[in-house]
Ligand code: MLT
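One chain is shown next in structure tokens, namely the form predicted alone.
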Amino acid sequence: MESFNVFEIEMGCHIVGQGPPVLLVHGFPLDHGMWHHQIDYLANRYQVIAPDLRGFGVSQRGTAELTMSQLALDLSELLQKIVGEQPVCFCGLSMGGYIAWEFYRSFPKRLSHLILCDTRAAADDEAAARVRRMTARSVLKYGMDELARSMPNRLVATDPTESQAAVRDQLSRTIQRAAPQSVADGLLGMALRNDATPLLASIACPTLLVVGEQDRITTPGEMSEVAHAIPDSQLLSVPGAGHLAPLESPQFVNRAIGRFLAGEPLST
């Protein structure tokens, strides 16, 4: 991991490979390690940039409000230090997708491609926002134990396979290590995020949407609607995967990402 000064924090970032830059933005409340399969695969042809977001992994929390807009600004500053103004492929999962919308809103010309995994464009309704606020209060009061126990079961497909069990164990360990204050702040930031639906029709760069067939959080139907609204987009449905398709079915997703970045249709 390299360390970069980004505004008032030190931000950790794993950088490997050479070629066109691909930015991998992790989901909540994880860190860059969730992308290890994609990092290994993409580094043969691309410069892979996999940061820990503000307050997660090894990156400092700082004092700025932890909004999706702030996280997008952090990434812009980080990329300026690594690749300058060179356009990047922005690949974000779940919360990483929420940040991608804000990055596009502010820096559309800095995107060569978009890859949006298991995420949504719509903002939270009041019921969803209320659950996030309640969870934030619980984490601050009781710590990470309950979230580390329960959250992996919601994120991963329900198939009782050995590989799915390994993914759940990895997730549980990562969530347990997360800082309660950052987790609470991230929950509140997601609850207050902007509705990205009005942006969809204006997205001009090639876009790939990836969704697990068993995703119960951002369903295939919801992501299909997002794909239909983005002019130059393709939708990949991942068999046997839940909300973390790149982690649950890495070979399937990696092949699709490789074809997409090479400009090949996924159906071939």
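As the structure is a computational prediction, the values presented were derived from the model and not from experiment. Start at 1 and count along the sequence shown; that's the residue number.
Another form, the form predicted in complex with D-malate, is not on view; read the next lines as being about it.
Contact with D-malate in the predicted bound form, defined as a heavy atom within 4.5 Å, is made by all three of 95, 120 and 217. Although the partner is absent here, residue 179 is not a contact residue: none of its heavy atoms lies within 4.5 angstroms of D-malate in the predicted bound form. Using a 4.5 Å cutoff between non-hydrogen atoms, residue 132 counts as a contact of D-malate in the predicted bound form. D-malate in the predicted bound form comes within 4.5 Å of a heavy atom belonging to residue 151. Although the partner is absent here, residue 190 sits close enough that one of its heavy atoms falls within 4.5 Å of D-malate in the predicted bound form. With D-malate omitted here, the record of contacts in the predicted bound form names 87 to 95 of 87 to 95, 171 to 179, 142 to 150, 107 to 115, defined by a heavy atom within 4.5 Å. If you take 227 to 257 and check each residue for a heavy atom within 4.5 Å of D-malate in the predicted bound form, you get just 243.
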